[in-house]
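Form predicted alone, single chain, as structure tokens, below.
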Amino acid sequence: MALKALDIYKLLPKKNCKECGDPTCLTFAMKLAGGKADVDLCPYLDDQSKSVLGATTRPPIRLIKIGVGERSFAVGEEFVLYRHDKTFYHPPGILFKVSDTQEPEEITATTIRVRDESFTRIGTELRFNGIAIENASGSPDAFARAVTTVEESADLPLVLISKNTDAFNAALIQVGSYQPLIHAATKQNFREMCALAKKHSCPLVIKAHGLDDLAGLAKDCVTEGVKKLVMDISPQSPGDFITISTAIRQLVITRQSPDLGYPVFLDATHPHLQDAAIALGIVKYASVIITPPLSPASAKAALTLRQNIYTDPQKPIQMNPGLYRVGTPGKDAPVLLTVNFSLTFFTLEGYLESTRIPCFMLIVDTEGLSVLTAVAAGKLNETLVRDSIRKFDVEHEVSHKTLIIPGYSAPLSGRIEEATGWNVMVGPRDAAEIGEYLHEQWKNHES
């Protein structure tokens, strides 16, 4: 059972030293109670207090950072089983796998694709996270050459996969300072793997069958001084993955098994289960997903699904209010009013671009609500429209005073005219009809 902030405060040294990063011990206690801080940040806690506080206050799933620099990513630190309860915070890293048995040109092509490929959806740039390099040859030299080939093409987070400690030593000479994720420690080799992880400050994958074995191996690695762990649960099937990963999430968020409180690793490279396994991993709690290079269609599907699942369902995606240009509008271009709900914005923008009629989009702040909802809630009103026209200096951008409003806001047309002094035209309810509307109604209005 989690402790309350005042209970935690009683166990703290009450020095208010600020060395934890917070101004007072009470502030630190409140963060601990909310799972937003780690007891290890306090340098004055004795071992007994750390033991009491650690299992009940640290985030149920530890935050693990993979890689360094601009493209590094963090996973873990999730607090709920279902995203509608709160939200999911750290999207899984999806990495393309290459092998040290491939030709350098093929490895380079995959690396460059991950480095450069992206697409924009709802105002967000979506891309894959890095490269997983497998020591399929068993040769330390081949492994090191493959790692070097990747590094010569891009600075990307890496996952190094091998069963050979010598191969890891050869590879980490090349990239150890970039903190790749190394796979994997088992009951047989965890001491050697922990030594490597500590030497290079790398996060470490642990691999075992069964929750008890995973928990025991995690404790062994922590005893060896390695706390940055990711768990490979070694599922035998997609159904097995769902069962185990869900059980882990349930156990850790209820703090019944703190030793399992680490991000989950999923190898989704089986050719017959590839797309399904990636989707299951995104939806059911995988934090690091390894996949072969995906087709363009599968790549977009995976990135889109990840974006959807890791968007806060309680907070609409919003655009910044302002005056946006579609094409290169002149002084006589139409001005179309709409709300700052991102889906509305990009849907309308897409249809406007297809008309090839340069125009302005006046985006007003309805706190991310759609047109119909904003009208019903009173968020879209004549005062907001008037103030937005003034704030974004619309009158100096066009030579007319005509505003096209969405069809669902038609009841506001008269009040908007009175408040702004602008002539109001009511556009269609469906954005798909905006092209026909502009070609007919706006052209007739101009003439």
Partner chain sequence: MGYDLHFGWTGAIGRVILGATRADGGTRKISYHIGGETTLPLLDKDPLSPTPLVALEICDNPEYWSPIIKNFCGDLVNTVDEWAKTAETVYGADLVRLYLTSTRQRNFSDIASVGKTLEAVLSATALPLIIEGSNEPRIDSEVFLKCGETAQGEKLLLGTAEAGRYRSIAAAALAYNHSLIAQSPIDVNLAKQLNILLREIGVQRDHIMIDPYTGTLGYGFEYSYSAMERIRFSALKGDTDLAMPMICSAIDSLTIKEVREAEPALQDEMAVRWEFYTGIAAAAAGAEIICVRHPKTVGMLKLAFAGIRSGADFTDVK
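Residue numbers count along the first chain shown, from 1. We call the rigid core whatever largest set of C-alpha positions still superposes within 1.5 Å between the two forms. As the structure is a prediction and not an experimental result, all values here were calculated from the model.
From this point on, the text means the form predicted in complex with its partner chain, which you will not see here.
- Partner contacts here mean any heavy atom within 4.5 Å of its partner chain in the predicted complex, and among 362-370, 140-148, 184-192, 102-110 they occur only in 362-370.
- Site annotation in the predicted complex: the residue of Val175, Leu323, Ala333, Leu260 reaching within 4.5 Å of its partner chain with a heavy atom is Leu260.
- Scanning Leu217, Ala170, Ala74, Ile242 against its partner chain in the predicted complex with a 4.5 Å heavy atom cut-off leaves one residue, Ile242.
- Although the partner is absent from this view, Arg356 stays clear of its partner chain in the predicted complex, with no non-hydrogen atom inside 4.5 angstroms.
- Although the partner is absent here, Cys17 is not a contact residue: none of its heavy atoms lies within 4.5 angstroms of its partner chain in the predicted complex.
- Remark: Glu224 does not count among the residues lining its partner chain in the predicted complex, judged by a heavy atom distance of 4.5 Å or less.
- Within 4.5 Å of some heavy atom of its partner chain in the predicted complex lies at least one heavy atom of Leu81.
- Each of Pro238, Leu305 and Thr311 places at least one heavy atom within 4.5 Å of its partner chain in the predicted complex.
- Residues of 398-432 that come within 4.5 Å of its partner chain in the predicted complex, judged by any heavy atom, are Tyr408, Asp430, Ala432 in sequence order.
- Fitting the two forms on the rigid core leaves the C-alpha of Asn129 displaced by under 2 angstroms between this form and the one not shown.
- Core-superposed comparison between this form and the one not shown: the Cα of Asp365 travels 2 Å or more.
- Taking 2 Å as the criterion, Leu214 does not count as shifted between this form and the one not shown: its C-alpha moves by less than this amount when the rigid core is aligned.
- The pair Thr347 and Lys86 is tighter in the predicted complex: their Cα-Cα distance falls by no less than 3 Å compared with this form.
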